[in-house]
Ligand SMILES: NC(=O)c1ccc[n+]([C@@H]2O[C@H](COP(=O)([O-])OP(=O)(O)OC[C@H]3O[C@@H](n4cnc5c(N)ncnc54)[C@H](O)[C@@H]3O)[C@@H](O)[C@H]2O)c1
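Here's a solo chain for you in structure tokens, the form predicted alone.
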Amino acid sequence: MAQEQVKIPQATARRLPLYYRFLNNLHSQGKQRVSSAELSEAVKVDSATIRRDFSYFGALGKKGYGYNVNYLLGFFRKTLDQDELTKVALIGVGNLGTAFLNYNFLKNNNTKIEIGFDVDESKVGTAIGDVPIYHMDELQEKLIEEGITVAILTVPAPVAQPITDSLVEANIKGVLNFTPARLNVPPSIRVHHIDLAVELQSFVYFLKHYPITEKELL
């Protein structure tokens, strides 16, 4: 992605899709400009952080004017490679995997689940949300054939590591891991772990121990 080339902080990179989504909404409403305060209210990121994020890319706005919506939209479209489709493989077509296939990131122009894999013979050879499902035995062959380098992993934890080893051999460059397993991969492979149970526990803990103050509500 373009933002990696300018060495911006990873925290900033994670916020860029939020900005892009809001700018898309503004553009569809016909709005021509937006302030950092308006962006802050919409994406729930303080305006100082937004200005700092944007500063990594040079002068994107003007003091007293704000930001030109069309310019920002075009800039972030290019930065986030929105004009280039990234094909994704889904590994594991259980309840969560099926939900991903039916959703298939329809609001994102540059990301699409292209192919799915499972060991359940009743699913193999079918299509869910127009995505063909293949047997896990065909994993490496199909990934290489389709040139897919990104995978979503939604399999049982005990098989997550051996499947990941197969993904690495198939030249996968990134794995979005929805299993509780912590995966061992070469340094060249990026893995993002999303453990929904841990996220929920963390959320409940914050609700109990970090109540929102009146100041935060203002």
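As the structure is a prediction and not an experimental result, all values here were calculated from the model. The first residue of the shown sequence is 1; numbering continues from there.
Keep in mind the form predicted in complex with the named molecule is missing from the figure; the text below concerns it.
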> Is the named molecule close enough to Leu18, Tyr20 and Phe57 in the predicted bound form that each of the three has a heavy atom within 4.5 Å of it?
Replying inline: no
> in the predicted bound form, which of the listed residues (Ile50, Ile152, Ile163, Leu26) lies with a heavy atom within 4.5 Å of the named molecule?
Replying inline: Ile163
>> Only one of Leu85, Val124, Leu96, Ile144 gets a heavy atom within 4.5 Å of the named molecule in the predicted bound form. Which one?
In response: Leu96
> Based on heavy atom distances of at most 4.5 Å to the named molecule in the predicted bound form, which listed stretch, 184-192, 166-174, 36-44, 152-160, is the contact stretch?
Replying inline: 152-160
>> I'd like to know if Asp81 sits close to the named molecule in the predicted bound form, meaning any non-hydrogen atom pair within 4.5 angstroms.
In response: no
> Applying a 4.5 Å heavy atom distance criterion, does Glu114 contact the named molecule in the predicted bound form?
Replying inline: no
>> Please determine whether Val204 contacts the named molecule in the predicted bound form, using a 4.5 Å cut-off between heavy atoms.
In response: no
>> Can you tell me whether Tyr71 touches the named molecule? I mean in the predicted bound form, with a 4.5 angstroms heavy atom cut-off.
In response: no
> Since the partner is left out here, which residues of 16-48 would have a heavy atom within 4.5 Å of the named molecule in the predicted bound form?
Replying inline: none
